[in-house]
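Let's start with one chain on its own, the form predicted alone, as structure tokens.
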């Protein structure tokens, strides 16, 4: 199932550690503190435990949102990006 992970963490070092964990699990960054990708239930729980450990006593909030295919079809976005981030004539943005 697709999973959206978003977080709000004040300490840069911890925030970077969380982003690296998300990348380790194959999630793709969609915003500075938001990652998205495929995770089964076991991998999502494993990542949640590793993030919890990495967060430690640091103030922060991390949310995991499993998203089913039906809901994923309803996703919409509004973007206004610099031209350097626009890939191709169809206006699709690249990360």
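Model, not experiment: these values are computed from the prediction. Numbering follows the first chain given and starts at 1.
Just so you know, the form predicted in complex with a further copy of the same chain exists too; it's not on screen, but the next bit is about it.
Trainee: May I ask you to state whether residue 71 is within 4.5 Å of a further copy of the same chain in the model of the complex, using heavy atom distances?
Mentor: Residue 71: yes, in contact with a further copy of the same chain in the model of the complex.
Trainee: With a cut-off of 4.5 Å between heavy atoms, is residue 27 one of the residues that contacts a further copy of the same chain in the model of the complex?
Mentor: Answer no; every heavy atom of residue 27 is more than 4.5 Å from a further copy of the same chain in the model of the complex.
Trainee: Heavy atom to heavy atom, is residue 57 within 4.5 Å of a further copy of the same chain in the model of the complex?
Mentor: Yes - in the model of the complex, heavy atoms of residue 57 and a further copy of the same chain come within 4.5 Å of each other.
Trainee: Is there a heavy atom of residue 31 no more than 4.5 Å from a heavy atom of a further copy of the same chain in the model of the complex?
Mentor: Yes, residue 31 sits close enough to a further copy of the same chain in the model of the complex that at least one of its heavy atoms falls within 4.5 Å.
Trainee: Which residues in 1 to 22 have a heavy atom within 4.5 Å of a further copy of the same chain in the model of the complex?
Mentor: Going through 1 to 22 in order - heavy atoms within 4.5 Å of a further copy of the same chain in the model of the complex - the hits are 1, 4, 6, 7, 8.
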